[in-house]
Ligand SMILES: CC(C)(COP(=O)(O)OP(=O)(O)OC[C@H]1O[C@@H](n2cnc3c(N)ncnc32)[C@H](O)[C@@H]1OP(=O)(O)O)[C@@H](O)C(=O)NCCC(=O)NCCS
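As a starting point, one isolated chain is supplied in structure tokens, in the form predicted on its own.
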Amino acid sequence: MFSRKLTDQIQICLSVPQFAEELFSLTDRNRSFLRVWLPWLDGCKASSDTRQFLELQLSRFAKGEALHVTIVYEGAIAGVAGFNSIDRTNRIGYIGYWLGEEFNGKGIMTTVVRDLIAIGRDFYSVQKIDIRCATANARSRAIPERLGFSHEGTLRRAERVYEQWYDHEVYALVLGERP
């Protein structure tokens, strides 16, 4: 199984169905925290839903369309990240991520996204990485800003999360242009 140790506390693993129970438990414990930004929570009602999602992600990984990783912090599943989509024709990787509330503020996601940049460059030959965050989600936006991504613009009413419309800020890192 694909696994990378990033620090003494942080590792990422290819998301596999065996993680479904623990990942669902994290999702369920953090439902109100995550619900502000993520539109899919109502469709995730049992560990079997998480298992089905992870099986789909493995299929997409096998086709080179995506890479979904589970983040482990000090032995516990802390969240997920990865390339939600890989545009092989244009060599663009689209990164998404979330952490359980108790894992925020520890530098975990910055470390993980930095490694995803290297994976995208070294294994998928992407020439550009794109991250989109809700305008109001300051913690999520801080990650691409911290890692030297350029702000490319704002997409108005880009995502509906339950009854709320969110604008998205688009960040890009063109590999080879990084300072």
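Note that the structure is predicted; figures quoted are calculated from it, not measured. Residue positions are given as counts along the sequence shown, with the first one as 1.
Note that the form predicted in complex with the ligand isn't included here; everything after this is about it.
Proximity to the ligand in the predicted complex, defined as a heavy atom within 4.5 Å, singles out one entry of C44, L34, A66, I119, which is L34. This chain lacks the partner; the member of S59, S48, T110, S150 within 4.5 angstroms of the ligand in the predicted complex by a non-hydrogen atom is T110. Of the stretches 120-128, 48-56, 134-142, 150-158, only 134-142 has residues with a heavy atom within 4.5 Å of the ligand in the predicted complex.
At least one heavy atom of R146 is located within 4.5 Å of the ligand in the predicted complex.
Taking the partner from the other structure, the ligand in the predicted complex has no heavy atom within 4.5 Å of any heavy atom of S85.
Using a 4.5 Å cutoff between non-hydrogen atoms, R91 does not count as a contact of the ligand in the predicted complex. At least one heavy atom of G105 is located within 4.5 Å of the ligand in the predicted complex.
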